[in-house]
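Quick setup: one chain, the form predicted alone, written in structure tokens, and binding and motion questions come after.
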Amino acid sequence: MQPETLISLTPFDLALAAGLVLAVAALSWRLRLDIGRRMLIASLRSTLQLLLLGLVLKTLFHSSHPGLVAALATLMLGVAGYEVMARQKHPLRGFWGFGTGTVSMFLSSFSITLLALLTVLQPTPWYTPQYAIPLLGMLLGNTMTGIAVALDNLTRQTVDKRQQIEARLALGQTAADAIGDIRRDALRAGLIPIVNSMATAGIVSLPGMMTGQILAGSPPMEAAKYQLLILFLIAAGTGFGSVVAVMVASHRLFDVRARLRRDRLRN
């Protein structure tokens, strides 16, 4: 049996789906949940961003210029770094608030994407945007979530447990020991989303990439193999990125004399 061709969506199809979001926003307003406005703004943002991305990728796929690929990848990294900072209640002040998450994602997501392109997928050329951009986007999106959760957990607990940390320092513990349990809790929190995703994949949920490939007509087993590859890469990116981010941020919370510096966090 031959796979069916991809079913094209019309503007009416998308409008019908968007109407469901409007219904949820109206329900939120009726129940006074104070989330409807943000949901509508997020829906509008996603619509504009995805349509714009579609136009950009259409041009990029035709040219395959490495400079354009690098420019789009850099833009994606910068926005992801900003989102990591914006999702924290007490981000680090100054450049460190933006730089910690950005550098962590660069060291993890970019290196793992490069490894996958050069050793696993091996497209010609290796920076072919059809493979490089979607792969980097999936890694950045999921790594961003893990790093944001880990950093928010770290800074929140540091503020809440300041007296406990300072008491440990007064008793002679090093800065690493005084904040060690908080750091471990933050790393566990950052890794929980991807662990849950892997544990329920194929039983509770059908992951997005596999679903998209099946809808596009790919054989289910081939789609499953690609999804496994993506899950493993995301897990590695989230793990390495969260460790780097938490280690850098926790080091930044102390001065050279191992004194806790809460003033390095935004209130």
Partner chain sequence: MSRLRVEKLYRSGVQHASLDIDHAACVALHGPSGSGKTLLLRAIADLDEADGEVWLDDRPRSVFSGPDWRRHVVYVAADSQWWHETVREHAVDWRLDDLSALGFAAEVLDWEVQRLSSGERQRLSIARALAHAPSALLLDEPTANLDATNTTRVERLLVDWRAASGGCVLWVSHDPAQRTRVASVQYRVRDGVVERDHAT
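Positions refer to the first chain, counted from 1. Note that the coordinates shown come from a computational prediction; the quantities given were computed from them, not determined experimentally.
Keep in mind that the form predicted in complex with its partner chain is missing from the display, and what follows is about it.
- Within 4.5 Å of any heavy atom of its partner chain in the model of the complex lies no heavy atom of residue 119.
- Contact annotation for residue 94: none of its heavy atoms lies within 4.5 Å of its partner chain in the model of the complex.
- Contact annotation for residue 74: none of its heavy atoms lies within 4.5 Å of its partner chain in the model of the complex.
- In the model of the complex, its partner chain sits beyond 4.5 Å of every heavy atom of residue 182.
- Exactly one of the stretches 105 to 113, 125 to 133, 186 to 194, 170 to 178 approaches its partner chain in the model of the complex with heavy atoms within 4.5 Å, and it is 170 to 178.
- With contact defined as any non-hydrogen atom lying within 4.5 angstroms of its partner chain in the model of the complex, the contacting residues in 141 to 168 are 163, 164, 166, 167, 168, given in sequence order.
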